[in-house]
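Just the one chain here, laid out as structure tokens, in the form predicted alone.
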Amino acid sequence: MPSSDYDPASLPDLLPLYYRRLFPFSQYYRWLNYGGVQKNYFQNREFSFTLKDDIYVRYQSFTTQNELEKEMQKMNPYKIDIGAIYSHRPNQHNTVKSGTFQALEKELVFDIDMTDYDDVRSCCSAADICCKCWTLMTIAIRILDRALREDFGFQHLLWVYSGRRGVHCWVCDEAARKLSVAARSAVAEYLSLIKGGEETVKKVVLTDPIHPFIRESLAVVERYFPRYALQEQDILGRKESVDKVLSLVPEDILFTLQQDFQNEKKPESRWKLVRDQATKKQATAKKGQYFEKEIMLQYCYPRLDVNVSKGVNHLLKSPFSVHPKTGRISVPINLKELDVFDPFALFEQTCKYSFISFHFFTDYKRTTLAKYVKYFDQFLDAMARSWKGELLRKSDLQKEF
């Protein structure tokens, strides 16, 4: 989008309008209060605000929705982060006896950032993204959402566009919020497949038999790999990219593939040659027989920031926070529309009509934010059914006494 449509210098004028007219405070409070099932759950939640000139204010907490609303409209934060539920109110943490102020609970969260894929995407790098590499976020959501629901039994997953170059997942089930650091680490490690830093050439090594979770993940990758890797990233077209792929094949077939590639230039045909060699190897070898699957996973599998997931007190950018560098709003992603979700159209529409021109509007319902808030409402309605069940259970237990 042309830079003339969004100027970061305009934020001091735009943010007061956004927080006064468009921010969905009612739904936001409804989410973080979790039906009032647990006493002081909202009151003991940490919020962090980043203000103009990168002034960072931690340990904010609020008693009511009205109090949160007034403070946000007064401070007009450039960015909002959400932290843990603490043993005491975070805004009083300095008055609490040393060692007693503890992070108790938080949603299990996942952060997937496009910069972690720079070694496998040629279209963009660093903070830049485009519709070609955005496919990686689609793959990540498909793989992780299935695993979290089917392998772990979680139900209430809120996927959110970060506003710039990635996605976040908030697992909101009560069981997820109560997980220990060790349990969070175990879930994150189970979902992590890419191992090693920049110096590691081969980042995926599969063993026999392939774990059912990896097989399920491969089924997703195989749907997107031809278009994403072979066509859009052209990994078997340019020499530099071809060499990178060939560095991942077993040494005993490297020369054969190099020779075959001399006679075949089409990426799809070259990939067929790779797969044919893999099929032969699976019939004869005990080691390296899954190398074509390892290549697909290395290029497409989700890359998690494990530290974000395992820390209870780790802060994560809030849904409906504005990204100050792009002007995009962090909106929930409806998985029914995942394959057509377009962060660039979102930028165009949200900034142009909801954000830059929103002094014409009195609430979000008349802007392009409306469909994202509506989906957030649907997510909250599903969660509310579980809250009601929990409240009834607690009521019945009290009657027994």
Partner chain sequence: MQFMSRQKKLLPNSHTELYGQCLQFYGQPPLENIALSEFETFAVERLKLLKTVENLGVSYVKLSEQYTKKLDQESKNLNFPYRSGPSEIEKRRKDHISHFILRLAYCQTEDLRRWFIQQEVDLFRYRFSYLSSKQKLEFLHKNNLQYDAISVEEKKALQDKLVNSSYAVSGITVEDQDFYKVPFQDALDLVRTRKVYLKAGYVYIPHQDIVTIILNDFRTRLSKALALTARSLPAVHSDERLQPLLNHLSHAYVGQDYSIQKNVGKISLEQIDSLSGKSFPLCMRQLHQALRENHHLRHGGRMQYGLFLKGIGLSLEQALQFWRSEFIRGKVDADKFDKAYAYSIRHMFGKEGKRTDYTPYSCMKVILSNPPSQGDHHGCPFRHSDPELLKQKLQFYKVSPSGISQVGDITFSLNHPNQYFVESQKVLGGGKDIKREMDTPQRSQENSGRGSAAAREAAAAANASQHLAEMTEELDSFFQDA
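Numbering follows the first chain given and starts at 1. Please read all numbers here as calculations on a predicted model, not as lab measurements.
As for the form predicted together with its partner chain, it is not shown, yet the points below apply to it.
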Given that the partner is absent here, does residue 307 sit within 4.5 Å of its partner chain in the predicted complex, heavy atoms only?
-> yes
Can you check whether residue 208 is within 4.5 Å of its partner chain in the predicted complex, heavy atom basis?
-> yes
Report yes if any heavy atom of residue 238 sits within 4.5 Å of a heavy atom of its partner chain in the predicted complex; otherwise report no.
-> no
Check whether residue 212 has any heavy atom within 4.5 Å of a heavy atom of its partner chain in the predicted complex, and answer yes or no.
-> yes
From the candidate stretches 70 to 78, 89 to 97, 151 to 159, 266 to 274, select the single one in contact with its partner chain in the predicted complex, where contact means a heavy atom within 4.5 Å.
-> 151 to 159
Which one, 193, 103, 242, 257, lies within 4.5 Å of its partner chain in the predicted complex by heavy atoms?
-> 193
Considering its partner chain in the predicted complex, which of 186, 246, 219, 123 comes within 4.5 Å of it through any heavy atom?
-> 186
Taking its partner chain in the predicted complex and a 4.5 Å non-hydrogen atom cutoff, the residues of 196 to 212 making contact are 196, 197, 198, 199, 200, 201, 202, 203, 208, 209, 210, 211, 212
